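Heads up, what comes next is one protein chain in two forms, each shown on its own as structure tokens, labelled structure 1 and structure 2.
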Structure 1
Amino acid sequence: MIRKTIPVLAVGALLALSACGGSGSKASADGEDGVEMGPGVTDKEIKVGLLTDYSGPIAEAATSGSLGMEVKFDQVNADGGVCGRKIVAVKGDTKYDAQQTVQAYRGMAGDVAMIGEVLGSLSIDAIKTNLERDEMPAMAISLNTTTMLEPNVYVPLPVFEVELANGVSWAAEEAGASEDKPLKVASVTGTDDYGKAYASAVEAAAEAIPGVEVVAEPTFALTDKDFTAQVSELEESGADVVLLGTAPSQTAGVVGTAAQLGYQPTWISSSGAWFASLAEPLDGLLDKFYVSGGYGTLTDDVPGITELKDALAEYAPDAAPSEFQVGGWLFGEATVAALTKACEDGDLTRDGITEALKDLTVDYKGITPEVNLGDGDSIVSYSSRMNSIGPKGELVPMGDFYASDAAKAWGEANGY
């Protein structure tokens, strides 16, 4: 594999880099093939930054996702790369900490063509002004509309709001909800802008479906460890179905607390709310737990998954299988598609890559329906599918991908 880890910069160097902007975003030169080249690009390689948690609180899942992206690069490189250039992954450890994310970004900013992945809303918030200043194209693994609207940031998969809205639609259909047979739903979300967006998607979906009523919307702060108040509110509301716009740590806290209080609703989470490692601590509590996911699983019999498995066997044979590898592979597909288009256009500068991202169609080879990235501020797909939880925490598909009218109506109403 072609791997590079960013060097540790001295504090003085960091300050100097911050003071001068440091990205060299305007510098360019023509390559031997006539392609205009910007920072991070030579005649032999294209450097792509990966900003994720390699050693912090969610490192196990984050590292697995990053590996999926890296083996995609390895596969492409083995086939000759992008216009004869190898893709080099420049890895920055965010430790899922805002200050560390800024430092990791500064360490690579002057030496990469784009950021192929930034993990988490926290990290995007930390560097969004840097991305705009450096005219740095980036793709965010934080799959939500708030992130999507940041300058220079693309979200190449269905957002969590779509997953939750589709989850409401699925629950209503399963329950046979109608005016005569109402279904009470609730949401649990954070107090930040991201949480508010998730709650609004649930509200809009409920309003669009006859017989569905939102009866509770408890919220939590990211620092909360005790979820007794939120679960008590859910139980008192009589909610039959609870939509979780949570991170995995809050998922465990809410579901575990509900079990202690004897409250047993149907749980539906977004894909970002579930880690396979939760299966062990929540053993026996997942019979009515479902994940609305915007992309497929390692069990799918589609060309994209076959390619991923072959690449893992070739370039990371000792890696334990993980659904996060699927997500990373898809981000790799989108990155490769953008770089390929930019090269075809003769412009591998940051401006050229940004232009290539606009209206870029990405074929995920059956792992999820084909998407078009649009203007970067648009939802790329309204499709997701429901999954139950397998014995090892793996997602087990329950049907095909679908795009509910409720999700589409919510997106159209909000201009996405």
Structure 2
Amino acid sequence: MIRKTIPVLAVGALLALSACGGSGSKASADGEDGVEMGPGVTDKEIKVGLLTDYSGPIAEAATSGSLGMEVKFDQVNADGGVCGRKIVAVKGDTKYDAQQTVQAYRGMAGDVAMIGEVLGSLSIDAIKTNLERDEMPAMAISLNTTTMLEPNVYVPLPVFEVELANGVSWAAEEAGASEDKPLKVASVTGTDDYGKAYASAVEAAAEAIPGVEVVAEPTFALTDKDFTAQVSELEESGADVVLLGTAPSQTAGVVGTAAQLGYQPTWISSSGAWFASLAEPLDGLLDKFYVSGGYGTLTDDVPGITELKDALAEYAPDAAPSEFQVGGWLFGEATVAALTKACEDGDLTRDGITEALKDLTVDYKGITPEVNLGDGDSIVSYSSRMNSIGPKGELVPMGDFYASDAAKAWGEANGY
């Protein structure tokens, strides 16, 4: 399943020897076709760095995601590549560890045109100053505004805040909320910056919808092991709908405690608050639990998913299907779109790719609506889709992707 990894990692290690100092190589040359070329680009190929967990704790999911990206590159390469150049994935194993991420990044920094994916806020935090210094364009798999606002870092999919705001809008519509028939909503979030961002997105969405009011916003410390106080506050407030900006283990704590205390609101979580393994402990408590998800699943019948399945069958026939391949494929689409535009503009240097990323439109062929990357600090898409939970914890789509006015109002208010 991990194709070509070992030789490429070995090359990466060799490069590390020469690239430890300043890796922001500015040397550029013009190719035979007149395209200006920066680090990692030749007449034959374009190297793209993938920084993800190939052998650490979340390697199973992360390797699946990486595979989604690689088969996208294979598919493009088979069709002649990007302006005659093949895309080559340079893999760096972060082991989901800050120190390892820095090493892996340094090992590849001098020899890649861009970072196609860097996984997890922990890894992004570790290398964000390097990315800025090296003027290295990078796409991050950590879907929130905090990550999005880092310099040179792009998040090419809808962030969790968008998912939550759309969730509020969906709930209001379902309940037929109006000034006369108000809907009480609440949020549960952490006390950290991510949590504050999630809570303010829910507030802004409620503000924008007539008849929706936020009645409680309990927070939890990341070390909390008992959620009785938070759930009591929710119950006391009489909230009909609770938006969860939690991590999966806290989702279990909040929903489980509520069930024990006899409180049964409608739960709406972001995609980051749900993990399929929760279906077992929360068995029987998920009838009114919904996940607002920013992109589709392997079961969707859309051209993008068909392409992905074909590419998997062609280039990775032994790989077991996994939803993580969908996310990786979308990052691959965004990478290819950026490189294609940069080449068309005649500039495959890092500056050129950064320029191409600006206002780049990426067509995900139905897996999620088209996005526009804007200036890199903006919301790329306000669309998400509601899902219910299947028997094994899988997401079961309900209806179509939609972008709510409430989410847009939140984005505008914050200048995203």
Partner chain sequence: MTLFLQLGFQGIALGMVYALIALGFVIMTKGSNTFNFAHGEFVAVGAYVVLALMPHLPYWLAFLGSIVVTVALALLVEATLLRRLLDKGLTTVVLATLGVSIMVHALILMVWGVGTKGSAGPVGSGTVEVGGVVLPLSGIATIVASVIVLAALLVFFRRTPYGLALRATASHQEAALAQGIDIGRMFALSWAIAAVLAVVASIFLASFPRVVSPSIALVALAAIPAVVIGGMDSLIGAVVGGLIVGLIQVLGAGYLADYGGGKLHEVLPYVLMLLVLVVRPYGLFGSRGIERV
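Residues are numbered by position in structure 1's sequence, first residue being 1. On a predicted model such as this, the values are computed, not experimentally measured, just so you know. Think of the rigid core as the biggest set of C-alphas that the two forms share within 1.5 Å after superposition.
Looking at both copies of this chain, which one is the form predicted alone?
Answer to the question: structure 1 is the form predicted alone, whereas structure 2 comes from elsewhere.
Has the Cα of Lys184 moved 2 Å or more between the two structures, judged after a core fit?
Comparing forms between the two structures, the Lys184 CA shifts at least 2 Å.
State yes or no: after fitting on the rigid core, is the Cα displacement of Ala78 between the two structures at least 2 Å?
No; Ala78 is a residue whose C-alpha shifts by less than 2 Å between the two structures when the cores are overlaid.
Let me make sure I follow: superposing on C-alpha atoms, what angle in degrees does the smaller rigid part rotate through relative to the larger between the two structures?
After superposing the larger part, the smaller part appears rotated by 16 degrees.
Core-aligned CA shift between the two structures for Val291 (Å)
Its C-alpha moves by 2.6 Å once the cores are overlaid.
How many angstrom apart are the two C-alpha positions of Ala229 between the two structures, if you fit on the rigid core?
Reported C-alpha shift between the two structures: 8.3 Å at Ala229.
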